[in-house]
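Quick heads-up: it's one chain on its own, the form predicted alone, in structure tokens.
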């Protein structure tokens, strides 16, 4: 397994390099400049700032300089947040985004797995129809629609929860629900389909014919096999939750990486956008590797 992990880590290097190159090209091709602002500046001041941030150099030289900085784990200095490094902004925002994303993913698994199992056991009955109806609603309503609706109902009309910001655990309730709703639906549908398939397998019939209790058959033989598609989905789910948190953090005013990314993009903060994109890419690649390892642990038939 260790050889497989090392091989995957080495294979991730070209992926990260391509991601960095494309992002660097796109942010520099976009119209405008980090020096553009509400107040005009004299040509002399602008020239001095461009020299300070090496923006007067050819693009290929800027790219080479940025690669050297990345090799030393230096994401540069933010244009928007003066005298603040991108590293420190990531260090400040990532714990907030990690808490939000981990809570949303945990909620999606905690609700989706039991709902999917319930729907599979009671296939084509009321419980099945109810679970599938909830999953359809979760898939149909995106988080940028659900978030403002929740603010309107739970914060504006009823004053049950804070509308935004971070002030205690109550501030996480609506963002986590808005972020997790779609993934609860996906996990429910996956778990239902995989559980139905496993329940119809020959080895489950054999286990029942041997006289094993229904509890043992379900939780020892059915559940581990039924969880495999859900485990495979965790990689894309983590990526979706990370990217989805960009919208949710902006809606609820949460000072996480998503909000920094949006403000950086709006203000053409090249270094901040590049740093957060690269950091997201590394986290997603690492999580996909972890999911593959867990998959092999659950299914002994998988070889590395």
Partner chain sequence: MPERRLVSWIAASCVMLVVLVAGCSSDRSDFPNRIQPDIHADGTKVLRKGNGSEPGTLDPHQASGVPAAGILQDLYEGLVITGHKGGILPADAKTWEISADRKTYTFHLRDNARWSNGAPVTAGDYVFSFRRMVDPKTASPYADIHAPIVNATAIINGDKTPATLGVKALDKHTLQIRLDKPTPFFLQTLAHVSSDPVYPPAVKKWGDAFTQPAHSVSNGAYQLKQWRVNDKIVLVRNRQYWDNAHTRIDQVEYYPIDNSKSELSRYQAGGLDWTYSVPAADLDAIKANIPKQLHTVPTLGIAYFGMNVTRAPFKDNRKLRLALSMALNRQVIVDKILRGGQIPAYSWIPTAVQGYDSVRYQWADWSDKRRDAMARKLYQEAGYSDQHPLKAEFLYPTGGIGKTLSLVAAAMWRKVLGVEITPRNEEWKVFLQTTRNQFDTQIFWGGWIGDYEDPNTFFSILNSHAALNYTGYHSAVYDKAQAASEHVPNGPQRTALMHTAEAALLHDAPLMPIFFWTNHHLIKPYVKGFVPNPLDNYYSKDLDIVPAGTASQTSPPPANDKQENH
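Numbering follows the first chain given and starts at 1. These figures come from a predicted structure and were not determined experimentally.
Just so it is clear, the following notes concern the form predicted together with the partner chain, a form of the same protein that is not shown.
- Checking 220, 91, 212, 137 against the partner chain in the predicted complex, a heavy atom within 4.5 Å turns up for just one residue: 137.
- Stretch-level contact check against the partner chain in the predicted complex with heavy atoms at 4.5 Å: of 122 to 130, 67 to 75, 204 to 212, 98 to 106, the positive one is 122 to 130.
- Within this chain, residue 62 is remote from the site of the partner chain in the predicted complex, having no heavy atom within 4.5 Å.
- Taking non-hydrogen atoms only, residue 32 approaches the partner chain to within 4.5 angstroms in the predicted complex.
- Proximity of residue 48 to the partner chain in the predicted complex: non-hydrogen atoms within 4.5 Å are present.
- Using a 4.5 angstroms threshold between heavy atoms, residue 153 counts as touching the partner chain in the predicted complex.
- Along 255 to 276, residues 255, 259, 260, 265, 266, 267, 268 each place a heavy atom within 4.5 Å of the partner chain in the predicted complex.
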